[in-house]
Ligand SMILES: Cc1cc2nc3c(=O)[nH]c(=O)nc-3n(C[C@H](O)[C@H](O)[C@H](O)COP(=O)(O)O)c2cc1C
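Before any questions on how it binds or moves, here is one chain, the form predicted on its own, in structure tokens.
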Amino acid sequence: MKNFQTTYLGMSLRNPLIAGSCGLTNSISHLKTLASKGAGAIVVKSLFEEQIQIETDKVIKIEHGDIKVMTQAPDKMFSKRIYDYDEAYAYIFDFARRNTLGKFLDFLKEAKKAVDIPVIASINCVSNNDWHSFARKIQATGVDALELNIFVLPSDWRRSTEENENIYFDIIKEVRNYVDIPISVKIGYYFSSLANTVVRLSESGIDGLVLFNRPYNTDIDIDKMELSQGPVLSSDEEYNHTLRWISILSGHVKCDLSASTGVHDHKSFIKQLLAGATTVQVASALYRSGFDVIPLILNKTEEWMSANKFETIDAFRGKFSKSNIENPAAMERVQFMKYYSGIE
């Protein structure tokens, strides 16, 4: 057996393949299966800020119809309008929130006991609203690390680049001040200066960055003339975007890099490692190919390593990072050139 040992977020992993946050990591039985199939670590399904709001609204709406349902304000997570009883609302809101968070915390405790590989909790954040206190409770469950899933779509033309980016740094600061466990941040690619922002994020006290958070895009049904849902799962062609940026940023950030989106087989898995990724996360591949895709990727990777005489992952990691390749400009080429692509 080749040595797949990898260090990620300061943790020792048996291999760099991580089961990413998705609906399949929201079940203890699934977590056990993922561990038995060989995953190096597991990121449990994210708890969303919006989920807390929905659960709170549900309690207020169903059990206390006389109290108006709260709405979400653009500048902070929760906002009251006019309520008949402020004290009653505060009590109900707190109950609903604690009930939602309590279930999540209980699941994390159970997950940590169920498997013998690192368990990474995940929070999907859109503001810095009270996540510092919740992050401290997550740490108390015994999980090995925390992944902050932050994706701010810069669609409001009234907000500046700095205002959008400050959300990321504010969340990190709030959480970092209250927890000691490793923190990674999963981001999208909607930044005016992606490379600069990623480097600055890596210097903010976090231990890792996950590139990238795949956006769910809206589509249009031209037959029904209504909005519809775009593809939920990634395709095996989507790894290239992450590959480019892992290669460009590898060696220039002060934290680990984890590649995400579009990894469906051993080839794209190996490519991300060659580009400089510390670890590689898979999610859509688990839906499309089942949990057996994990040992398949690992076995095929081992065969490739033997054929190329690599005994360890570190022996080839980063060989195709921008700083190590003969023609670094190739990683930054964005315009079509027929001699470069092989297409007339």
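Since we're looking at a predicted model, the values are computed, not measured. Quick note: we count residues from 1 along the sequence shown, nothing fancier.
Here the subject shifts to the form predicted together with the ligand, a form of this protein not shown in this document.
The candidate spot formed by Val232, Ser260 and Ser284 lies fully in contact with the ligand in the predicted complex, as each residue has a heavy atom within 4.5 Å of it. The ligand is not drawn, but in the predicted complex it has no heavy atom within 4.5 Å of Met11.
At the 4.5 Å threshold, heavy atoms of Asn149 reach the ligand in the predicted complex.
The ligand in the predicted complex comes within 4.5 Å of a heavy atom belonging to Ser122. Not displayed here, the ligand is approached by Phe212 to within 4.5 Å at the level of heavy atoms in the predicted complex.
Picking from 297-305, 275-283, 311-319, 32-40 the stretch near the ligand in the predicted complex, with a 4.5 Å limit on heavy atoms, gives 275-283.
Contacts of stretch 3-34 with the ligand in the predicted complex, defined by any heavy atom lying within 4.5 Å, are made by Gly20, Ser21, Cys22, Gly23, listed in sequence order.
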